[in-house]
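Quick setup: the structure tokens below cover two forms of a single protein chain, split into structure 1 and structure 2.
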Structure 1
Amino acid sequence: MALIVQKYGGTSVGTIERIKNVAAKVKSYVDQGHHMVVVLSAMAGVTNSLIELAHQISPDPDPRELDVLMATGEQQSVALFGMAARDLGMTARSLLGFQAAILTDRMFGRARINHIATERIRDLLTRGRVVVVAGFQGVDEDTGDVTTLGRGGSDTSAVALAGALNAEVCEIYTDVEGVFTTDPNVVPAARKLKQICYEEMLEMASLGAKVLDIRSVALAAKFGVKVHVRSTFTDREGTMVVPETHIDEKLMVSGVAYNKNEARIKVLGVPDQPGVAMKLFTPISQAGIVIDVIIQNTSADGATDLTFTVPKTDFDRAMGLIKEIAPQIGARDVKGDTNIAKVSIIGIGMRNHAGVATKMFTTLARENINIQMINTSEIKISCVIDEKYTELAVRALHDAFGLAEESAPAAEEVA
């Protein structure tokens, strides 16, 4: 008998029939004697329709009221699940974020979980109840206002609950069978990984892979939560996200990720003086815009060029800010480009193996793909390229590192 937290995404509960199927799947666990906490997203399409309604009322909806509105999507899901569970003979209790005591900060639309008071959930579990928690939402611990956690927030809710409750495992049910070596829509031969460590999954999530929300992976790593990513629509095993020490085989490269939501800004003729970069980037940071790759050219005649990337969705805001700042710091010009993408290879086995970078660069050169920017960490190499070559680059790198094969090259096989 174990305590298991399961999360079902919007596609998994997208219709009444699918909600009934999820209830039946949960019952199979209950029949085995497990204690169950089930986290549900809103039915597929509901959150988007609620946002659309809000914008029909106002072009700039009040963030607090928007959170109140969006939280109703998950309220609908957990209530319907509770009814389905009862018809199957289970005693389930639905809890909204505030009832489950998921306490957050006050950042409406992108709140962060500060603490979960688990007493009520534990009491319900002790009494044999299936606890059904509305994902994606919480409550501001100071005011009691409803908050939402942003896109992917139900993953975060589930992992946070699993950590707070010391669950045996957190199962993330979605419409894919696990974590693949790359996007199967780009490379049909992409292979499902049996295991992946937290570090690799964090890199993949940050680099464009959409299987798990990055905050949920960070929480899993922090609290040592084992995460099982699997499909709602099959009974096959998925991918286990675990500590590196639990990985049986450390592959040289575990996956290829890509992100087309990238834009580049180049600030030309920046005075090469202390404090200039601070003046340039502080307003960007204060606007909540995330800067990724930064390159500074070698200084010539007391001036340099600064190039950096931001999410494409923030490009216009970032350009507006930089064009405002540039004259103040004495920069010569500002240029931008939204036709770029980032392609990355990830793998804990690439540590201290220079041959991996050479192989990546050689592969891209062979396809006549120009590398515009490079960013690295211990377990990833990212290249900024023209967006039109994204799929070609992904396929070429996937083939070059043998990721479609059942036995991809391990770390010790790198030349």
Structure 2
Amino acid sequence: MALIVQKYGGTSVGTIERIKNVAAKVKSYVDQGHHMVVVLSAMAGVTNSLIELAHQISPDPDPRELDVLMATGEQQSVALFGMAARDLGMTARSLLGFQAAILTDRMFGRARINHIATERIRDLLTRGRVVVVAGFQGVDEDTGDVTTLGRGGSDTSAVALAGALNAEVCEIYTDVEGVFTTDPNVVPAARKLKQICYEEMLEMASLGAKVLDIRSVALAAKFGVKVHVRSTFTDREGTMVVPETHIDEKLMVSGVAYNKNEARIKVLGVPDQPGVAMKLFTPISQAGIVIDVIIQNTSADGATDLTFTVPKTDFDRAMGLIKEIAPQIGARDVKGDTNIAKVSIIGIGMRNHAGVATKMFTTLARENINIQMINTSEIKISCVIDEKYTELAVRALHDAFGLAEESAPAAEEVA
């Protein structure tokens, strides 16, 4: 008998039939004597239509009210699940974020969980209840206001609950069978990984593989939560997200990720003087806009070009700010491009291996894909390219690194 936290994503609870199917799945665990905490997302498409609704009222909806609205998606799912569970003879109790005491800060739309006061959940579990928690939402601990954790945030709710409750495992049920070498919806030959370490999963998530929300991976690593990503629609084993020391085989490259949600801003003819970057980027960070890749060219004639990427959703705001500052610092021009994508390869095995970057660049060159920006860390290489070549680049890289095969090249085999 174990305490298990299970999270079901939007597609998994996307129809009434599917909610009933999930309830039956949970029942099979209850019948084995496990204590169950079930975290649910909103039914597929619901969060998007709520956001759409808000934008019909206002082009810039009030963040507090938007959270109140968005949280209703998960409220629907847990209530419907509670009813389905009861019909199957389970005694379930649905809890919204505030009832589950998921205490957050006040950053509406991207709130952080500070603490979960688990007494009520533990009490319900002791009394044999299946606890059904609305994912993606929390409560501002100072005011009691409803908050949401950011898109994809139900994964984070589940991992945080698993950590706080010291659960045996946090199972993330989704519409694919686990974490694959790349998005299986883009490359059908992608291979399911048996295991992936926290560091690689963190990179994969931050580089666009939305199968797990990045904050959920960071929390899992911090609290050592065992995460099992698997399919709602089969009983097959999925992917275990584990510490690096548990990885049997360290692949040179474990995965390819892509992100189409960034845009590029180029500031041309920037005077090559101390303090210029500070003047450009301070207002951007003050506006809460997160910059990703930055490159600065070597200067010619005392001037240089600075190029950087921002989330597409922040592009207009960032352009507005930069266009205001550019003349003040003596820059010549500002140009923006929203048709870009970032493709990345990730692998702990690439540490200290020189050949990997060259192979990536050669592969893209062979497909005639121009690299606009490059960014590297110890275990990843990212290239910014024209958005229209994303799928081609992902497929070519997946092929070049032999990821579809059962025995992808291990770290030792690299030049």
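Please note that residue numbering is based on structure 1, beginning with 1 at the start of its sequence. Predicted, not measured: the structure shown is a model, and the values here were computed from it. Take the two forms, find the largest set of C-alpha atoms that superpose within 1.5 Å, and that set is the rigid core.
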_Structure corresponding to the form predicted alone_ = 1
*asked:* Aligning on the core only, does the CA of Ser28 end up 2 angstroms or more away between the two structures?
replied: no
*asked:* Using the rigid core as the reference frame, would you say Pro283 shifts its C-alpha by 2 Å or more between the two structures?
replied: no
*asked:* So that I can tell if Gln273 moves, could you say whether its C-alpha shifts by at least 2 Å between the two structures after the core superposition?
replied: yes
*After superposition on the rigid core, what is the displacement of the C-alpha atom of Leu53 between the two structures, in Å?*
2.8
